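First, one chain by itself in structure tokens, the form predicted on its own.
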């Protein structure tokens, strides 16, 4: 296992900000993951597990412990006795490449999660979702290292307690488990999920029933149009994607806020959530709090295509990004009484 020191973390993230890691290890095997944890423990170092760096803001001071990048990057698939196809991938395998493999194999269940940057290991943490699908719908098991006992365990889907953008990995058991592998159950010959309005609009005037490959292509095109697909050279590419979660509020609060906004000739959009709750589009709240697409605050700004994407305009610092985040959250709360929650992980703050 190679242990490096003072490794710059900014180039390892899609946002491109932040200072160095005091120690850095890229573990290519499960044994090396265990060895890295033992190294951190022996020196009483804080440990942070880095995936694809796509949902991460690193402080300008960097991280004073050990950054562990899990580089286990193999993938295989097999057909189960009940006919479903199980894809098993290492935590370091590129997420979009896995989605492409499932689509090429004619297996439905992930096609709407195309174009999301990062690695397989990061997807269960936040229960990644987009365009009508969530990764929890396909996850069968998650193979993990218990960072306390150093025992390898297999967690079932139910063990992970998936909810909207949440799991035990970012709530009750944050920092307890290191994800090593994930297995997914997919439907061979299944039809693409086209329930999301953007996808229905995309295919509205096209003859025939879209294939999985066409659905994947459509999702990537829609993401590109919203600057949510990382394209080198794109002025809006240096971001973490959506910076804020869509808030879920009680029905009574939604009705009161809607009534107040109607007096200002504004109609508050919403979507069904759990019984007695409504999900509100964070992008609408951000824009109606005064932060339009293309908003600029020094070296940071908001994407020209997507109001939820805070972008590094070239030489932004982590402090610049956080300052803009704080300003947006403050204005949305003052305007609507809603506390926006950030999606990315904040490291070293």
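This is a predicted model, so every value here is computed, not measured. Numbering follows the first chain given and starts at 1.
The protein also exists as the form predicted together with a small molecule; that form is not presented, and the subsequent description refers to it.
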Heavy atom distance at most 4.5 Å to the small molecule in the model of the complex, all of 253, 289 and 325: no
The small molecule in the model of the complex: contacting segment from 172-180, 192-200, 96-104, 140-148, heavy atom within 4.5 Å: 192-200
Which one, 308, 311, 36, 58, lies within 4.5 Å of the small molecule in the model of the complex by heavy atoms? 308
Pick from 45, 299, 319, 283: which residue has any heavy atom within 4.5 angstroms of the small molecule in the model of the complex? 283
Even though the small molecule is not shown here, does residue 272 get within 4.5 Å of it in the model of the complex, heavy atoms only? no
Would you classify residue 108 as touching the small molecule in the model of the complex, given a 4.5 Å non-hydrogen atom cut-off? no
In the model of the complex, does residue 220 come within 4.5 Å of the small molecule, counting heavy atoms only? no
Wondering, does residue 167 line up within 4.5 Å of the small molecule in the model of the complex on heavy atoms? no
